[in-house]
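One chain is shown next in structure tokens, namely the form predicted alone.
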């Protein structure tokens, strides 16, 4: 047996002992939360192509749902006007199907990671409304048709609602002259038209815990459904921190969205432990300024290069315990909880909002051993009694 395989076996045994001591026999996330909600993870090509077998083994041990980190975003699938690249996304879908996992398609309509030619002509001039509609329609038709029967659901529209509940004037919305609802309506219209009936259609958004933004998301879903469009669920992106958002905001978002009669998912979950990431993603591009690469700023903004201090490790464990207590208490309203990455080294939070930092936002460390948080998360569900 290879050394790394022995290492992973030892890790599973350690977790099992920890859970036994806490009165819970589950040794994997998907086992612990079986019957509560699906356990998901965003994955990269290395977990699909066999180049990191230890990570793949860890993924299959703990998760029964997958999301693609970048392989199904527009710039990956359609990088040029006459260029399509389905290979990595096909491999992702095949991997999920082979292992009996819930497979998410992410994402059809987004302002980011979408090539400029989606909105402009070859000469650089803006496309007309008719051209934009046809571009959006043909893209969704091509992609949704190609992956028909390969994915279980699509994030149809991603991050179109602004903090004040209006629409973000970016990408498709800007190209359409600021008419965000028209963009969302068309995207869901085409997804409704081309997706198989058994493929679920979702809206996905960050900072949904903000009352003003939550109201905007609720209004959007209501309008879409009033127009006769199928919206099966809403994903609450959970790029959160040690002290934010407030738990009452999280619970309110879950409850209000569930009251719409749609599935609620906790998506893109990670807990940022580094400074200046307060309130999630709304800190702006100013932190990319060269001044923040100077020594005095680097020491402050990237304090844990040599490892996470025990005190912060405990805070991370307590925060994950707090969050999963909320999720478990609302298990009748939550369909899936998805981590945005398997281990700390694979997290986008190492590069955002400042590149090159060392973050520790997930349940597993860079060497694939668990943070203390894992045992606490595993211990939350009540032990299943024998019949």
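Numbering follows the first chain given and starts at 1. Since we're looking at a predicted model, the values are computed, not measured.
Beyond what is shown, the protein has a form predicted in complex with ligand GLA; the following relates to that form.
For the marked spot (73, 106 and 268), a heavy atom within 4.5 Å of ligand GLA in the model of the complex is present in each of the three residues. This chain is displayed alone, yet in the model of the complex one of 78, 213, 239, 263 has a heavy atom within 4.5 Å of ligand GLA; that residue is 239. Only one of the listed residues (328, 340, 320, 63) places a non-hydrogen atom within 4.5 angstroms of ligand GLA in the model of the complex, and that residue is 340.
Heavy atoms within 4.5 Å of ligand GLA in the model of the complex map, among the stretches 299-307, 188-196, 83-91, 152-160, onto 152-160 alone.
Although the partner is absent here, residue 219 is not a contact residue: none of its heavy atoms lies within 4.5 angstroms of ligand GLA in the model of the complex. Residue contact check for residue 314: none of its heavy atoms lie within 4.5 Å of ligand GLA in the model of the complex. Within 4.5 Å of some heavy atom of ligand GLA in the model of the complex lies at least one heavy atom of residue 113.
Within 4.5 Å of any heavy atom of ligand GLA in the model of the complex lies no heavy atom of residue 207. Taking ligand GLA as it sits in the model of the complex, the stretch 344-373 comes within 4.5 angstroms of it through a non-hydrogen atom at just one residue, 348.
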